[in-house]
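Take a look at the C-alpha cells below, where one protein chain is shown in two forms, each on its own, as structure 1 and structure 2.
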Structure 1
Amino acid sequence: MAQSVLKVVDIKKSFAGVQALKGVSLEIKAGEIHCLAGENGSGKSTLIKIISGVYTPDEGQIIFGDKVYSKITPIEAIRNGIQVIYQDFSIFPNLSVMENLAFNEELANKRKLVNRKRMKKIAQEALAKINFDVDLNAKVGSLSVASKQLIAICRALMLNARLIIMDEPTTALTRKEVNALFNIILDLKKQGIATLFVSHKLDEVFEISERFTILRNGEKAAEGFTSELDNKKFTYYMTGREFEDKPFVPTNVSEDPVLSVENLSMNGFYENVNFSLHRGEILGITGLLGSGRTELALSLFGIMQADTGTIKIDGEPVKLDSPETAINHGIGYVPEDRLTEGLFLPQSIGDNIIVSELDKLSSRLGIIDRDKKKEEIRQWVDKLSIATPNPDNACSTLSGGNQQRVVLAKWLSRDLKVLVLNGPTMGVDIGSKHDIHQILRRLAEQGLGIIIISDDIPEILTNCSKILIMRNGRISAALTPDEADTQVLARYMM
C-alpha cells in the first residue's frame, strides 16, 4: 500500500469570527491523483493555504510522513515536498523561461554573479523532467496559458516535489491543452508524485482523479473513490441541492427573427456566417478556441466590425460600428472575462448594477436620484438573488457566480432585444451555474433573444434550442439538441 505523503487531521480555521474550516481531515498517498472539490466559499482555498504554510490553523495537525506539525511555514512545506501552482502560476512575466526556472536555485545557493551557462543547464534539466520543448529565451509573458502552466510544473519538480497542488488548473485551457496536462499528471503519478487537483468541473474530476474529497460550508461533505461517484451524487455533495437537467424547450418564440446574420465575414476570423435568432430562443454557438466564435460575438456588439455581410435587427439592416450603436439597437454583451471587461471590481455592487442606466436615473441636470438608484439596485439584487449583505460593498467581495449575476443585472436593467453571452458560466461553481442557466431560460420565456457562446458542451446541449458549431471560421453544422450529443458536437468541432 502506498505511503501517505500528507495527512491533515481535524483542521479548524476562523477569520473574524467566521469559521472557514470546521474540523476537516484529508489524506493523500504517494502517486495518488486526488480531487479536492467544493463551491466557492467551501473552504478549499483556506485548506490549501494551511497545507502550504500560508495560513496557521486554529486547531488540528499537519502530518508529513512521521513529522507532525500544529503549524508550518511556507519553507517547511516546500522542504516536505509540497508545491502549489496557483491560478496566476506565480511566475515572472517580464523574465525569460530560463530565468524563471533558474531563479530559485540561484537564490537558494546565494550566488552573487549570474552565469548564463549554468542557468541554461538548470533550465534544460527542469524542462526535460516533463519533455517540454520551449524557447529558453522567450519572455514568459508572451507564452500561452498552457505553456506558463507547464513552466510552473517544471519549477515545482526542481524542488523535489512529492505533492503538487493545482488550483483550478484548466480554467483557461483548450480541450487539447487539458489532455496534454492530464498526460503530464499521469506521468507524475508513475514517478510517485501525488497531485491534488482542485476543481469543480465534473467531467475533469471523473476523468483524472482516483479519489475525491468534497467540502461544503467548511466541512467535509463526502470522500471516497471517484469510481463510486456519479454526476447526481457529486452535485448533491457540492451544493446540498438536487438538480434536474431537463433540456430547454422554448414556448414563447416570435414569428419573425429579432436578429438575422447574412453572409457575415471578417478577414482572418470568420466567413459566410448565416443564422437567425427569434425572441424566446436560446441559440448556442460552440467551437474550439480560434474557431471564430469570440470574434463573431464581438462583431455583434460592435467591437470588431465585419468586412462584408448584413446584420438585421427586427428585419432592418443595421451597421454595428461601436458598442454604443449595438446598445442603442437593444444588444447587450456579457464578455468572456468578467473581471477585466465586465465589471469595475473596486466599485460597489450597486454602482456596477446601475452603470448602464445612469441616464434613466438622472435628472436633466445630470444629478442621480438617490432613492430611484437605491430601489433599482434592491430590485436587481432580489431578482437575481445576488448574495451580499450590503450592495455598497465592493464588487470584488463577491464569488464568481455572484459577480456574473451583477454583469447580467447591468444589462437586464436596459430594454434589451438580444443578449449575447460569451462563456456565461466560466469559473462559476455548480450551484451558481445552475442558477444562471435558470435565469437565462426565464429571460427567454419573457421574450428575450439569447445567444450563448461556450465550449462547455453540456451547457450548450441542455440550455440551447438551436446549436451552431464553428470550425476554422465557418459554421460546420447547425443542429437541434435532439440531433446532437457530446460525441456529435466534438466531431464537428474537430
Structure 2
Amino acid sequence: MAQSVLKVVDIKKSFAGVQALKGVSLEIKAGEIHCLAGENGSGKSTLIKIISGVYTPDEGQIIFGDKVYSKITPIEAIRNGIQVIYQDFSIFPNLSVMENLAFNEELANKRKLVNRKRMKKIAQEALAKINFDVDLNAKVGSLSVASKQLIAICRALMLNARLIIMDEPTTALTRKEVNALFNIILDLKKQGIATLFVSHKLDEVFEISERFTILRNGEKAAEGFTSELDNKKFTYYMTGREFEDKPFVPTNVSEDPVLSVENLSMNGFYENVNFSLHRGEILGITGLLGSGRTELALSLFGIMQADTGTIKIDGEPVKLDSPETAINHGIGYVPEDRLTEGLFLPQSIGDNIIVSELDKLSSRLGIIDRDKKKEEIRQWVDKLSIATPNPDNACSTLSGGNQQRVVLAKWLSRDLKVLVLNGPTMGVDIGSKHDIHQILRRLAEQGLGIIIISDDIPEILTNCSKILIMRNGRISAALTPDEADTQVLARYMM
C-alpha cells in the first residue's frame, strides 16, 4: 500500500451554530486520484478549506506523513505539498503569463525588485512540468479557460506539490479540454502527485478517479473504489434518496396544438423548422452548440425574430416581436443563464417571484396590496418547495436548484400556455434536478405546454414525450423517447 500524503481524522467544524462538518475523515495516498463528491452545502468546500489551512477545524487532526496537526495555516499547508486550484484559478487576467507564474515564488522568496530574466526562467520551468506551450508575454485574460487552468496547474506544481486539489475543474471546459486535463492528471499520477478532484458530476467521477469519498450534510456518506460504484448508488449516497427514472408519459394532452411552428427560418441560424406542441406535452429540443437551438428558443420568446414562417398560438398566427408580446400571448422563457438573465439576485426571493404579476397585486392607483402579496409569495414558496427560512432573504442566498425554482415560480404566477426552458438544470445538483423535473411533469399534467432545450441527453430522454434534434440549423430528426437512446441521438446531432 502506498504511503498516505494526507490524512484528516474526525474533523468537526461549525459556523454560527450550524455544524458544517460532523466528524469527517479522509485519506489520500501518494499518486492517487481521489474524488470528493457531494451536493451543494454538503461540506465539500469547508473540508477543502480546512485542508488548505483557510479554516481552522473545531476538532480533529490533520496528518501529513508522520506530522500531526490540530490546525494549520495556509503556509504550512503549502509547505506540506498541498496546492489548491480554485474555481476562478486565482489568476491575474491583466498580467502576463510570466508574471502569473512567477509571482508566488518571487513573493515566497521575499523579493522586492522585479527581475524579468529570473521570472522568465521560473515561468519556463513551470510550463515545462506539463509540457504546456504558451506565449510568456500573452495577457492571461486573453487565453481560453482551459489555458488559464493549465497555468494555474503549472503554478501549483512549482512549489513541490504532492497533492493538488481541484475545485470543480471541468465546469467551464469543453469535452476535448476535459480529456486534455485528464491526461495531465494521469501524468501527474506517474510523478507520484495525488489529485483530489472535487465534483458533483458523476461521469467525471467514474472516468478519472480511483477512489471516492461522498459527503452528505457534513458527514461521510460513503467511500470506496470507484470501480464498485454505479449510477444508482452514487445518486443515493449524494442525496440520501432513491430516484426512479420513470419515463414521462403525458396524460392530459389537448386535442389541438397550443403552439405550432410552420416553416420558420432565420437566416444564418435555423431553417425551415416545423413542429407543434400540445397542452400537456413536454417537447425536448437538443443539438450541439451552434445548431440553432438557442436562437429558435429566443425566437419563440420574441427576443430574436424569424425572417419567414409562422408561429401560431391556439391556431391563431401571432407576431412575436418582443418579449412583451410573447408574454401577452402566454409564452414564458427560462433563460440559459438564470443568474444574469432571469433573476434579480440581490433582491428578496418574494419580490423575484411576484415581479411579473405586480399589476395583479396592486390597486388601481398602482399601490401594492401587501397582504395579497404576502399570501401570493407564501403560496409559491410552498407549491415549489423552495428551501428558505424566509422569503424576504435575498435571492442570492439560495442554492442553484432553489434559484431555478424561483425563476419557475416567477413564470407560473402568470397564466401561461407555453413555457420554454433553456438548460433548466444546468449547474443544479442531482436532488434539485430531480425535483425540478417532477415540477415540470406536474405542470404538464395540469395542461401547460413545455419545451425543454438541453444537451443533457438523459434529461431529455426521461422527461420529454417528443424529441426534436437540431443539426446545422435544421431539424435532423423528430423522435419519441422509446425510439431513441443516447447513441441514436448522438448520431442525429453530429
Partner chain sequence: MNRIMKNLMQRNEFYISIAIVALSIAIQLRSGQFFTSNNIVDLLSALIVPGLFALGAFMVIVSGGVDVSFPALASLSMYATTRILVDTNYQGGILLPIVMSLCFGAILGAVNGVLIATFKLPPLIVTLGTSSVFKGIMQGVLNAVQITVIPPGMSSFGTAALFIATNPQSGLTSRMPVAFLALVIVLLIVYFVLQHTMYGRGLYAIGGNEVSAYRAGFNVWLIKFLLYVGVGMISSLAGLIRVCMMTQAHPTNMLGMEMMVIAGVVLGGTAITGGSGTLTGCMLGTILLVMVENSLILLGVPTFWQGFFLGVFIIVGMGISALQVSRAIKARGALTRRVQQ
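Here, a residue number simply tells you its place in the sequence of structure 1, counted from 1. Given the structure is predicted, the values throughout are model-derived calculations rather than measurements. Rigid core here is just the name for the largest C-alpha set that superposes within 1.5 Å across the two forms.
The form predicted in complex with its partner chain is represented by structure 2; structure 1 is the other form.
Comparing the rigid parts between structures 1 and 2, the hinge point among Met238, Gly43, Pro257, Ala409 is Met238; every other option is more than 12 positions away from any hinge. The angle of turn of the smaller rigid part against the larger, between structures 1 and 2 and from C-alpha superpositions, comes to 10 degrees. The shift recorded for the CA atom of Arg118 between structures 1 and 2 is 8.8 Å, with superposition on the rigid core.
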